[in-house]
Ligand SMILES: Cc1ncc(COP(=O)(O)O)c(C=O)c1O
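Single chain ahead, by itself, as structure tokens, in the form predicted on its own.
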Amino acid sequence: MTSERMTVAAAAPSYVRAIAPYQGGRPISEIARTYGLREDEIVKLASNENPLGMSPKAHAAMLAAANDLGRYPDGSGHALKQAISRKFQVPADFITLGNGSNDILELVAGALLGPDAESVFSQHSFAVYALATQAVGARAVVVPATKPALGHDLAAMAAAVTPATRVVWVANPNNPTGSFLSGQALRGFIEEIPSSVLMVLDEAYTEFLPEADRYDALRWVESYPNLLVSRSFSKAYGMAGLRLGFGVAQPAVTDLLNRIRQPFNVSSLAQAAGEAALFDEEFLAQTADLNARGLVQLETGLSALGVPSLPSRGNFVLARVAASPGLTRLATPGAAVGDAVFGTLLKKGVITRSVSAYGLPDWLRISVGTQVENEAFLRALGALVAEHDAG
């Protein structure tokens, strides 16, 4: 009779009950309500969004698609797959569409992982790798990051692979550290791991790479049956609110993903906007230029305040706020300095991102905004440093 009195939640798998829900960046409207601020006063540099918004061509295509929202979207995503195929010169049957690139990552976990399997990823890498692994009851093998770059140790990750390993996750550039791996290093890693292990190369921030660092992993897929490359429209393409991403892998892998992919997982609006955004080269160039200048602005400004940051290839900067005595004084003894600085800035209408959940309590992640937004952040942080430096 005891089992009859057990609640639904208590009967759920223990590995699901143990998951700490993912905490996304808080919206501007919520911060305004909470702290009594005007929305137009608030600067959001929390979620690695494109400060330019979305491509005008994508926006126009989305509005046109809105005229037919009484119909289901194309479940196969034919037109968008053809556009991706033309843009990146990959076969259309290599492509899986996702409701954001997170969807692709979760499809991989659902298709390949389970209670008897392991996945390998780096310390301080994207939180969804751990969440997707735990959600299906698989074991997460976390490999310590390199020092001082806090990046992927590919040799150690290869050594961590066991007969139970089914997936290895690699983010390049990595979020939240901004670290980068060369194409040569990545290709060597693929060739080192067993062919039975899928390498997921998460390239959500690849469009921000300078030309000298570029490599073409999408073309590698034809040579490596155990490689899946995921891409996002949320960052450089400015379509975070539409939720669109895609994965590229050989048909044997895409077939597995499509067996568990939800029908109509990508909306008509997202498909139309994505198809147009792919070929708006002018917008992508503007985005890359703004980001390159913004990285320099933030890194230089932080350094002037006595706050070091890691070199970043993404559209964000990871700053070690605990290096500043003034900022350290914001935290109570034993508390995370990054959390304290995050909370204090929040009350002033500047939204950044605490990364304590990534095992980085001394750090703060700041997305690149417009020049004016970056200045507002640096001004607010500088006021905190000046206010508390005297002790």
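Residues carry their position along the shown sequence, with the first being 1. Note that this is a predicted model, so its numbers are computed, not measured.
Another form, the form predicted together with the named molecule, is not on view; read the next lines as being about it.
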inquiry  = Under a 4.5 angstroms heavy atom criterion, identify the one residue in 119, 232, 271, 287 near the named molecule in the model of the complex.
reply    = 232
task = Identify, from the list 277, 227, 108, 171, the residue with a heavy atom within 4.5 Å of the named molecule in the model of the complex.
result = 171
ask   = Residues in which of 122-130, 141-149, 183-191, 84-92 have heavy atoms within 4.5 Å of the named molecule in the model of the complex?
value = 122-130
request  = Verify the contact flag for residue 178: yes if a non-hydrogen atom of it lies within 4.5 Å of a non-hydrogen atom of the named molecule in the model of the complex, no if not.
outcome  = no
Contact test in the model of the complex: residue 294 vs the named molecule, heavy atoms, 4.5 Å = no
query = Does the named molecule get within 4.5 angstroms of any non-hydrogen atom of residue 100 in the model of the complex?
reply = yes
task = Mark residue 237 yes when one of its heavy atoms lies within 4.5 Å of a heavy atom of the named molecule in the model of the complex, and no otherwise.
result = no
key: the named molecule in the model of the complex - contacting residues of 253-291, heavy atom within 4.5 Å   = none
